[in-house]
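Only one chain is included here, represented as structure tokens and corresponding to the form predicted on its own.
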């Protein structure tokens, strides 16, 4: 492993920010630290950078324990959420800042800065000041500045949080392609699930100072290992009794049932429901526009279920009775997760 954290603990007063955290990262990977506010993501990032010191445990970069190595000597690039650009410096001088601190010769500085300006799509903006740039351009400058000294590790703290949605989406693709092209090991902190799934090679899910699950995006999303991870993604409907819904295998006492919108198929009464014998009747209580489709809230057997419907399907209105087929659920007992599929999916469909 290129980066390793071993049994890291960190407290701020009575608050346990990191609780026996251990993980490893392979060289060249782009890793997402994902979790809600207060879960310990940024504390981990700052300790790796040398901006905080762990109370116990070891931080290892390229086979070297760096706990007592000053931040300036760790060879780590850091991209801040707020850009942290020097407003009185031009784009060129902002990118060159770290190289000047290292007393790199002027001709090498110019060559490296112009190389990064071209690489990050900032050509023609070298003499502008941060106030003359868009949010996306400022973030690219911050990224180029962090890369200028050729860091062995790049850390990004919610790098797209201050950028509008359209630009944020564009920069996600740009960042992933750039990291792959440069081959620099990178860790970014985010609380945005879509961002982590779209950008990261691997996701580390943090909760209450500890790690709940590590895996590639598809694995973590599809096969949650804890109740927290199961309920964290998407916009799940959560209720107590899955026996209200037909044809799921019994698993004994459960604490809660988690149903994600993509686990639900909604059909109008005039449409064919493939699994009619397992569908329940529901009443639509809300219809909301969500950009890529409609989000429906449906009252089914006393529970509010969230579902989605595409624009190219017949519209559904508030108050309309519909058929609701739930084909998958996550049932949890303590921290254990039981993924359950509707029994109808295991039976042959007879078409008459």
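Positions refer to the first chain, counted from 1. Since we're looking at a predicted model, the values are computed, not measured.
Another form, the form predicted together with a small molecule, is not on view; read the next lines as being about it.
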The single option of 293, 38, 57, 28 touching the small molecule in the predicted bound form, heavy atom within 4.5 Å: 38
Candidate stretches 304-312, 42-50, 317-325, 279-287 - the one whose heavy atoms come within 4.5 Å of the small molecule in the predicted bound form: 42-50
Contact test in the predicted bound form: residue 17 vs the small molecule, heavy atoms, 4.5 Å: yes
